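One chain is shown next in C-alpha cells, namely the form predicted alone.
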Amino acid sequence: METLWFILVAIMLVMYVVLDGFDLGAGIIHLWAARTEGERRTVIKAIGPVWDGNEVWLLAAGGTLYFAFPMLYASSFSGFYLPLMMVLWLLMLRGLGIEFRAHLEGPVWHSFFDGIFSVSSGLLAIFFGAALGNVIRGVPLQADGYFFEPLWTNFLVGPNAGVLDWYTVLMGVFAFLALASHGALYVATKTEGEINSRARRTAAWTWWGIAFLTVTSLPITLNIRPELYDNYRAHWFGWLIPLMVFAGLVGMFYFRSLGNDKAAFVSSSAYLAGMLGGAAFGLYPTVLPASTDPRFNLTIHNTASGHYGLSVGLVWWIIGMVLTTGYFVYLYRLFRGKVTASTEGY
C-alpha cells in the first residue's frame, strides 16, 4: 500500500509540473515573447482559463502527502520552512500579477504587474528545481527525523550544505530552462504571428541548454548519490524512463523544426514527466535521503500512515481524481484553439 501511495503522489507532482509548468514558462518568457500591450494580453489569455486550476495539483499533492506520509510532510515543512514561505509568497505574487493586471488600467500598472508575473514565475521555476536538487542530494536529517537547513552556507555539497549550493543552483537553472521551453511551446501552440515566432525561437535556443544539462547532470547526480542507479540495475523496465526522456527531447527538436507546435509541446510534457519519474524511480523507497547518515533516511515505510487509513483514503482519492480529471478534460476542450488579443477573458 505504501508503494501505491508513493506512485500516486509522484503522479500528482508530475501532473503539476507538466500543467502548471507551462504557466510558469509563459511567465518566464512573457516580457520577451510579448512586447506590445496586445501581445501581452494574448499571452495572459492563453493561460488565463487554466492557470489557477493547474495549481490545484500542487495543493492536492500536498494534501495527499500529508495524509499518506505525515512524517515526511512534518519533516519537510520544518526543515524547509524559509524556502517554502518564499515559494508561498511567489505563488501569491504571481496570481496578483495575472489578476490585478486586468483590473488596474494604465501602462505603468500593466508594466508593473507584467514584471511581477514574469519575475515570480522565473523564481518559482528556480526554487522548484533547487527543491528537487535538495531531495536528490539529501538533507541533514537527525535521528528524530527532523532537520534544519539554512538558505546557504559555503555552496559546497556535504553534510552541512544549505538549501542552495552549486548542485541545487544547477538544478534550479535546469528547471528554469526546461519550464521556459515548455511554456514557449505552449504559447506557440496557442498563438499566431509575431508571438508565435518569438516563442518558437525561445524554444529553439533553450533546447540546446536543456540538452546540454540533461547529458551533463546525469554523471554529476550519480556522483553525488550513486545509489540512484540501484533500482535501474535491479529492474529492467526502469530503462523505459530514460528512453522516454530521450524521445521527448528529440521530439521537441524534431517537431519544432517541422512547425508542429502541438506535437513539440506534447514531447516537452513527456520529457518533464520522464525526468521527474526517473528521479522518483531512482529514489524509491526513500522519500527524503539523509546527508548525515543513511540510517536516518525517510522512506515510504517509516513515514507512512496506517494501513487502514491508506486503504480507506484510496477510495476517496479515486473519487476525487475521477471528478478532477473530468473537470480538466472539459476545461481544456472548452478553451482549445488559438487565442488573440480580442478573445474574451483576461
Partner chain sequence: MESALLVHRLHFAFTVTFHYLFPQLTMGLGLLIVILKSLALWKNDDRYNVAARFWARIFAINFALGVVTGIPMEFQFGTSWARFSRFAGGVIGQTLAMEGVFAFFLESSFLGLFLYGEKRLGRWGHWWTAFLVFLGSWISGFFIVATDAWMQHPVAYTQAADGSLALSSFWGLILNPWAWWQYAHNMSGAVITAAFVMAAVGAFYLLERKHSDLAKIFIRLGVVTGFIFSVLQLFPLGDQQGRLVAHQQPVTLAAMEALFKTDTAAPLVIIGQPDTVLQKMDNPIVIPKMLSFLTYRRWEAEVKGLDAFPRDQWPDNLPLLYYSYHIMVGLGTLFIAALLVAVFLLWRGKLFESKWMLWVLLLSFPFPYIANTAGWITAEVGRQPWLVFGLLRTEHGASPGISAGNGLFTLLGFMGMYLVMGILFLFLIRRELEHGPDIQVR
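Residue numbers count along the first chain shown, from 1. Every value quoted in this text rests on a predicted model; they were computed, and no experiment measured them.
There is another form of the same protein, the form predicted together with the partner chain; it is not shown, and what comes next is about it.
Proximity of W89 to the partner chain in the predicted complex falls within the 4.5 Å heavy atom cutoff.
Taking non-hydrogen atoms only, T214 never approaches the partner chain to within 4.5 angstroms in the predicted complex. Contact check for E39: every heavy atom lies farther than 4.5 Å from the partner chain in the predicted complex. Mapping the unseen interface onto this chain, G320 counts among the residues with a heavy atom inside 4.5 Å of the partner chain in the predicted complex.
For the partner chain in the predicted complex, the listed stretch (196 to 204, 243 to 251, 257 to 265, 68 to 76) containing residues with heavy atoms inside 4.5 Å is 68 to 76. The partner is absent here, but in the predicted complex a heavy atom of L82, alone among L82, L222, A234, V108, sits within 4.5 Å of the partner chain.
Using a 4.5 Å heavy atom cutoff, none of A10, L141 and F174 lies near the partner chain in the predicted complex. Looking at 320 to 340, the residues that come within 4.5 Å of the partner chain in the predicted complex, counting any heavy atom, are G320, M321, L323, T324, Y327, F328, Y330, L331, L334, F335.
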